[in-house]
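Okay, here we've got a single chain as structure tokens, the form predicted alone, with questions on binding and movement later.
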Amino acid sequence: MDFRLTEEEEAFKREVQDFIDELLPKDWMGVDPDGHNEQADEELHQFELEVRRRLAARGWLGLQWPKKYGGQEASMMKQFILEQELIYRGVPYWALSAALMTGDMILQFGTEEQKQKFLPPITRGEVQWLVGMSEPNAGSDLANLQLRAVEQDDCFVLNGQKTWQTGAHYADWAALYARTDPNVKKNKGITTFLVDLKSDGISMRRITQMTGHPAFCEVFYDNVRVPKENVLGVVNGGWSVALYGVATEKSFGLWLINSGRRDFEMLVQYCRETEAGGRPLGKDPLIRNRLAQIAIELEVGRNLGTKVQWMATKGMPIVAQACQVKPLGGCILQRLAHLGTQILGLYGQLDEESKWARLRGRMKYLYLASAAMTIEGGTNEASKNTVATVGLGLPRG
């Protein structure tokens, strides 16, 4: 592949960078690397709504979607450029990414009526979506999900629970996976539903992570009625929808790498400006070598992620390749967090509220948040299994 952008793509990248410069406050350090704090902090959420409105005004939501659904029919590479720049600069983007991922699934599997109903509000920045996969006993093993959907005359009735639902307390709709046939092989009896989260029978409980951010929710479904026209794809065909969505979700590894670049650059700047023993930390050979190793890993990860994006523009299968990038991104940020807290010493354990905090406490947050980065969105072990079976054709078990 050719890693160089075309002249048109370079011009679009500069346009996006200028937009972000105008959008962000001068002292903006960015949302936290995993993006979750925008769903835990009301002030950040309000800023995310403003970002959403301004992106919509430029026609940059659903950029590559057909014009009849509110898109611009731009190239996928322009969409990738937009995402990478927003994530790198720390613009609130988590909620938007979930909505756009759902929109892609609706484009792929939805009826014409569903496309007309659900896609334009996304491109106008009017709605927030979540993807309802994880359950208490079904995380990386999605096929083990137990939330039941029983068919009645004009609807399906949902009963069960989802967990780790990012931003559910702000979301309007969910693309939800439920078991419609318990009598067949586990992955054969799953159906995808588009569920209005204001429906009767839905309740939520927010979950506070060890970072202190209550960004996730448990969501309970008690006799929730979903119209049959809100089935995405075909009944008992949800596994195909899930595989399509998982390939997109695994790009979270590239998200982590792009956001990690920002925190890495802050750490490098800190080492240049902070002295110990009469010389800058950046002059210490051990620190320089450790920083250089992280820099190399981030660049390797970024190139791997760019290759996956290029493959997607060519219509090539990307599941195995995306499953390589996902664990890599999580592992790199764990190593970055460990190095950052070691360099900052006791300062690295302070919250941003402390007057003694360095880098506004980002290294402490990254250290705590990174523990989950090799678990959320599918564990590293699950990703490696996919690489082995899908990518290398190795037998199971």
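Predicted, not measured: the structure shown is a model, and the values here were computed from it. Residue numbers run from 1 along the displayed sequence.
The same protein has a further form, the form predicted in complex with a small molecule, not shown here; the description that follows concerns it.
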Practice task
Could you tell me which of 368 to 376, 65 to 73, 327 to 335, 50 to 58 sits within 4.5 Å of the small molecule in the model of the complex, going by non-hydrogen atoms?
Solution key: 368 to 376
Problem - Non-hydrogen atom within 4.5 Å of the small molecule in the model of the complex for each of 132, 166 and 385 - result: yes
Handout entry: Sole residue of 193, 221, 264, 216 within 4.5 Å of the small molecule in the model of the complex, by heavy atom
Key = 216
Exercise for the section: Name the single residue among 189, 92, 160, 139 that comes within 4.5 Å of the small molecule in the model of the complex, judging by heavy atoms. Expected result: 139
Problem - residue 209: touches the small molecule in the model of the complex, heavy atom cutoff 4.5 angstroms - result: yes
Practice task
Answer for residue 381 alone: is it within 4.5 Å of the small molecule in the model of the complex, judged on heavy atom distances?
Solution key: yes
Exercise for the section: May I ask you to check whether residue 36 falls inside a 4.5 Å heavy atom distance of the small molecule in the model of the complex? Expected result: yes
